[in-house]
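What follows is a single chain, given as structure tokens, in the form predicted on its own.
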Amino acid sequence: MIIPDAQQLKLLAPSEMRLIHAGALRLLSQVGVKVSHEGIAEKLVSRGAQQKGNRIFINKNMVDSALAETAKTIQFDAPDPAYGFTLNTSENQVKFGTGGQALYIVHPDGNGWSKRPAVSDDLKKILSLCDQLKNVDFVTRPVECDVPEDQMDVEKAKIFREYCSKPMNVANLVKVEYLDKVLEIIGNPAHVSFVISLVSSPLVLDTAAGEKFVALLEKDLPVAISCCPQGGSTAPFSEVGELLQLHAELMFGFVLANVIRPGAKVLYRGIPITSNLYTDGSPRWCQPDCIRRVAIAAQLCRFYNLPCCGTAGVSDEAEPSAQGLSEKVLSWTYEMASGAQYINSALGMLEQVMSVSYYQYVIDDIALGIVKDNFKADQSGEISKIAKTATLEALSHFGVAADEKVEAEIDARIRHIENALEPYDEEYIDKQLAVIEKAVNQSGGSTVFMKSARKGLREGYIYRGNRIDAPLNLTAVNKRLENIDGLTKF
């Protein structure tokens, strides 16, 4: 669907985004990226980068060239031509897909829910299910196969070829030497794309990922460059600081991509989430603070006219719930409104990125339809109104009454998403750059980030609201699953 300009939410002003970009350029030129892969380092130096030891320093001209050269149109074809689509940076078109590489399947167990390890048969059934869900536009590999690691790439390619009619994103390669075999099995390389987590935060090229990245781009395949720092552990707890580091790491990826292949088909996938420093430091994927940061990353990507791979709907809940449903609706809404185009991990996911559920795929397909309907019905551009209405409608659809407490909680989450808690100015950016540089130059970088997080904890960077606890009525979901071809048992 197309999101009109009037519904494009501007969480940051253009001047603030320029400050983030300028700060990221300072990180690349003054702090640099650790690159241990000699071949990749040589490629970067040949195009103007400076090298000191194992750190590569990228100058502004290299970034400017990458921004100009990167493909602005990417075609995603499919085995069924009716499902193919084109991503164009000049349009506010948004498409949704699954995600994961999850390890577990969450399923009903008596009056509750249980989880079991995912197996190859689950991949077949989930692909069959997603082929029949209206709001799944593309499919990113949802679960792993239960085969030895050295057979994983080939096995998943065989299953995708047989069971998927939509554009295929097979996520990452396990072994780069199997790429040719994977493409041979798929049959048409235009049907497939990939995701690569290229940089380990803070500012370290992953050597194995780098080799895969080179191989994929040399074959002119679309690749989403994924960067997922955790504020408070692998990046500053500060929103401003985390965005500076994230943008620098992704700009490095775009520079490398266009050194390998000018005009590379790469997408900007920024996932700046927070660590729960009140408990065990676990990642928070779908809380208001993270929804805000991920939405800003999408806005920053679109401001610099780059193809945007968004991320939304990765619930922190371990099972289908009213709390998880409300998280997902707000996440989808703000990611759509911030300009994300190719939204990954949007359906089926639970327990952060660990689990998926057949039930959750259907719940999400229904709820995502409700969100889309609200965007179409309300052209006012008041995203807070769309977000609240869609959340209440989705909860109501599954039997959750919207009382005063529920409405108040949704309002509080929306306020946290839409309102900045930190200044976006040069002085504050200087402070955050100093924190990142200190973490990079010390072996215990996470300790630096954790120590600097205390101020943010006091000032409420982590949202701590109330849960929305109520049982979901899944009668309609059960009926839909019973009527879907290929799901005799789930």
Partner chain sequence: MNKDELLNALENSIIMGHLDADDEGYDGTMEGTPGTLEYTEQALEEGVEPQKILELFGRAMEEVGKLFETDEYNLPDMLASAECVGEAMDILEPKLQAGSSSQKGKFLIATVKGDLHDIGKNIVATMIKGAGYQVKDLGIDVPAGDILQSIRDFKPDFVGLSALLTTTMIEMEQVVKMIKDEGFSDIKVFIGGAPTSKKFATKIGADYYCRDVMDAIHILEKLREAS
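Positions refer to the first chain, counted from 1. Note that the structure is predicted; figures quoted are calculated from it, not measured.
What comes next is about the form predicted in complex with its partner chain, which does not appear here.
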Counting only non-hydrogen atoms, the one stretch of 299 to 307, 280 to 288, 326 to 334, 127 to 135 within 4.5 angstroms of its partner chain in the predicted complex is 280 to 288
**Asked** Closest heavy atom of residue 51 to its partner chain in the predicted complex, within 4.5 Å or not?
**Response** no
query = Is the gap between residue 450 and its partner chain in the predicted complex 4.5 Å or less for some heavy atom pair?
reply = yes
Check: Applying a 4.5 Å heavy atom distance criterion, does residue 384 contact its partner chain in the predicted complex?
Finding: no
Is there any non-hydrogen atom of residue 200 lying within 4.5 Å of its partner chain in the predicted complex? yes
Only hit among 149, 403, 91, 180 for heavy atom within 4.5 Å of its partner chain in the predicted complex is 149
Heavy atom within 4.5 Å of its partner chain in the predicted complex, from candidates 318, 215, 103, 154, belongs to 103
Contacts from 218 to 244 to its partner chain in the predicted complex (any heavy atom within 4.5 Å), listed N to C, are 230, 233, 234
